[in-house]
Ligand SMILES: Nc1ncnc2c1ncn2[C@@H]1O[C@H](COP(=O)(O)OP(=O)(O)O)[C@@H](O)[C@H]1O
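Only one chain is included here, represented as structure tokens and corresponding to the form predicted alone.
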Amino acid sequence: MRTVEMASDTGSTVSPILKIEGLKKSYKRKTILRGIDLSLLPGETVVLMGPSGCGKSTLVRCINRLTEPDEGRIFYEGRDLTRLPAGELLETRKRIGYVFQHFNLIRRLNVLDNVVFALRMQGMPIAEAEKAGIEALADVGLADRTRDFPEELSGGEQQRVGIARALAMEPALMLWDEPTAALDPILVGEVLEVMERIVRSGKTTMLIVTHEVGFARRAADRIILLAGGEIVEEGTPAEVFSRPKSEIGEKYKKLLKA
């Protein structure tokens, strides 16, 4: 496991933006997460991979308590999210972006209004919110689609609107729950291209759940492999895909060679 704190060039340490300790989750008699320990450093891009049903989405949903964990602690910017009352949790969620598998756009609102909806609900003035929304849409290549409605967009474009909606909040941490899972294969590339561009910008820390091995190899600082609700391997893309230590890692290595 990578150390929680990392020495900087000046000899000081960098504290994690996100730290998870002993996270457990079960549904009825089925155990989904078996005690996850995980830390993310500021600016880091971590890709979480593993077979379907291994607990990846549950882990990400537990971080901002869309799913309530059974045990464990989750520290974001030093605050224990598992101990926060509802009001403080809502305020903290404003600093955590979330991109869902499904687009979850409001059908009656146009693209720009979808992106700025949360900003307006927070009381941001219209002009300021729209400026932030247009900038976020430009980041995902949709600056010319502000007045279109969701049904006028392809699935890839709708997901890019979902990404812009998260970016407009200027989050310190972004959580991505299989953002290409609901897309036709032909549309996956355009979303991955946008994601890689955001990664290269270095503006936010990211935890990305995906099955896209090529993207993970190109974009990740660190890859974490999950199996059976446990972390079975962790390392750089080169370490995990070239010199795997786990059965799952070996499968990904063979997939890349296929």
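Numbers for residues come from their place in the sequence shown, where the first is 1. These numbers come from a predicted model, not from an experiment.
Not on display, but discussed next: the form predicted together with the ligand.
Which pick from L40, M195, A220, C54 sits with a heavy atom within 4.5 Å of the ligand in the predicted bound form?
Answer to the contact question: C54.
Point to revise | I231, I32, I208, C62 - the one with a heavy atom within 4.5 Å of the ligand in the predicted bound form | key: Flagged contact: I32.
Exercise. Report the stretch among 199-207, 212-220, 44-52, 185-193 that approaches the ligand in the predicted bound form to within 4.5 Å, counting heavy atoms only.
Key: Within 4.5 Å of the partner lies stretch 44-52.
query: Can you name the residues of 179-200 that have a non-hydrogen atom within 4.5 angstroms of the ligand in the predicted bound form?
result: Heavy-atom contacts within 4.5 Å come from no residue here.
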